[in-house]
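Next comes just one chain, in structure tokens: the form predicted on its own.
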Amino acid sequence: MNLEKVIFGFFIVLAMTLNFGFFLGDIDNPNHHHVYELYAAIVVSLIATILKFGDRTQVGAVLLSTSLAADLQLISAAILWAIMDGHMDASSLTVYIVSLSGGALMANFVSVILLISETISQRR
């Protein structure tokens, strides 16, 4: 077993599951989406992005691009959350935040599918 591959896969899957945990709930209810879970999803997603920089294959390039897309959407969601204090109706802004998280979730899902397909296609 390759420990590097285990750590790599762990962070990719953890980024997706944390993002999924934040995404679940009523889309317009801020009480269903915890800010610390969003920040944890951002941190883990950034770690996963850093781990993807070493891969020089075509699949590695697509993995990196999906991770960068997820990072951009999660960071945008965090910025919206930070400016949410009293500037807009919380429920309407929560819809935008959760929608950005949903886009990042799709990017994470593509990363996990690519990781699984690459793992299956490798021969011993």
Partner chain sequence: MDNILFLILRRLRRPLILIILSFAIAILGLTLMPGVDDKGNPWHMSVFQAFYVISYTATTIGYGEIPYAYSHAQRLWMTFSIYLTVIPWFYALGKIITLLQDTSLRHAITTERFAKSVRMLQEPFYILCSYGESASVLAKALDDKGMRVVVVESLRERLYELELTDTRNVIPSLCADAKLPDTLVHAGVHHPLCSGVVTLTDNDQVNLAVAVAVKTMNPDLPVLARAERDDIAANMASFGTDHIINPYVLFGDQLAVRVHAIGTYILHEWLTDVPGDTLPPPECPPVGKWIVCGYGRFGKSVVKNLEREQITTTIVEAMPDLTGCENCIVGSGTEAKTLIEAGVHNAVGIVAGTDNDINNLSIVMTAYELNPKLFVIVRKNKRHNNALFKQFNADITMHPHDIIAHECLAHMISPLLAQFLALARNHSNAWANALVSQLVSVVGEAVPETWVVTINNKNAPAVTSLIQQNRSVTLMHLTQDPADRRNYLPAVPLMLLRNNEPWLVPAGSTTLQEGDKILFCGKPLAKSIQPKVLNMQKDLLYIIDGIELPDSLVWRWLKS
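Keep in mind the model is a prediction, meaning the values are calculated, not measured. Residue numbers count along the first chain shown, from 1.
Separately, the form predicted in complex with the partner chain exists; it is not shown, and the next lines address it.
Shown without its partner, this chain lists Leu93, Ala69, Ile47, Ile27 as candidates; in the predicted bound form, only Ile47 has a non-hydrogen atom within 4.5 angstroms of the partner chain.
Not displayed here, the partner chain is kept clear of Val59 by more than 4.5 Å at the level of heavy atoms in the predicted bound form. Of the residues in 21-45, those that come within 4.5 Å of the partner chain in the predicted bound form through at least one heavy atom are, in sequence order, Val35, Tyr36, Tyr39, Val43.
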